[in-house]
Ligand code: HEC
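Just the one chain here, laid out as structure tokens, in the form predicted alone.
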Amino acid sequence: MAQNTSQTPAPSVPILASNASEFAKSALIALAIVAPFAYPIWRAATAEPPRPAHEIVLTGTPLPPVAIDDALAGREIFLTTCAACHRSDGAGVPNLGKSIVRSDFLASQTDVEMESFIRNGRPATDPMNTTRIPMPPFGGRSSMSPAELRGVIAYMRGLQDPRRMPALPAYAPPADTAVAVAEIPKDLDPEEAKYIASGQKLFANSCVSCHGKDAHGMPGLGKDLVKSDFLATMSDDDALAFVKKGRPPGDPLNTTKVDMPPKGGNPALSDDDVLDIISYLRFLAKSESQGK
């Protein structure tokens, strides 16, 4: 009987080549579909994060120096209006006012845009207001003139980039900074009148941004201090201790949930300065109750 020597024939080369060709086509099609989406993802994952705008300002070529007249006018407004929330050096007060020095917002805005922003302020409900602390129009200083507005913006530019800030003489608060809300009677005890006059000036320089120039408060920011039962029932020593300590938003008695920093954000106030402010507020309350 003859042996069956037949075997299964080996796959032909053309079949293998055909399979490889189909695979290559499929791979190319898949790559063409995925690549437009994968490449941006890869770029985003490997790219360096964008640098903050204020850092770009500091490391780039400085813009022209701030004019000294603008810097002087702006410093006066900043220290007597803005520093209560943003600190005298522009570093900001925690839970109250943001840093001017590290502000990407300031660095990315034109002077015209900043003028509009300061004129309008920013309410607590603005989606861009991340602190949820309202910024009143003109920072609470409604009497700010166009020249003063331009000056304060120029001064803030110099705070952010010291290379632009001109050399300024030492700051001396003017004697007429205070706004006379109530006239001090001439027959008042001279020593008491001196305390009240001092407190009026200090209040105008440190407290008006949150409590208003008449001390009747700012909506959503600082309470009325003239009709304040809280202040009326406290001794001067207790009121002094309260102002020195402040009241954080987490305090259960803080019904506004707005931070009151120690000394209202002005660490330069001495105990006597704070007592003078308290004397002034008590004088306002007494004058109003008597219809003066």
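Numbering starts at 1 and runs along the sequence shown. As the structure is a computational prediction, the values presented were derived from the model and not from experiment.
Although it is not shown, the form predicted together with ligand HEC is what the next lines describe.
Although the partner is absent from this view, K98 contacts ligand HEC in the predicted bound form, with a non-hydrogen atom inside 4.5 angstroms.
Within 4.5 Å of any heavy atom of ligand HEC in the predicted bound form lies no heavy atom of S198. Put simply, L168 is far from ligand HEC in the predicted bound form: not one heavy atom of it is within 4.5 Å. When ligand HEC is considered in the predicted bound form, R122 lines it closely, a heavy atom lying within 4.5 Å. The putative spot formed by I77, S206 and G222 is fully lined by ligand HEC in the predicted bound form; each residue has a non-hydrogen atom within 4.5 angstroms of it. Contact residues in stretch 109-123 (any heavy atom within 4.5 Å of ligand HEC, taken in the predicted bound form) are M114, F117, I118, R122.
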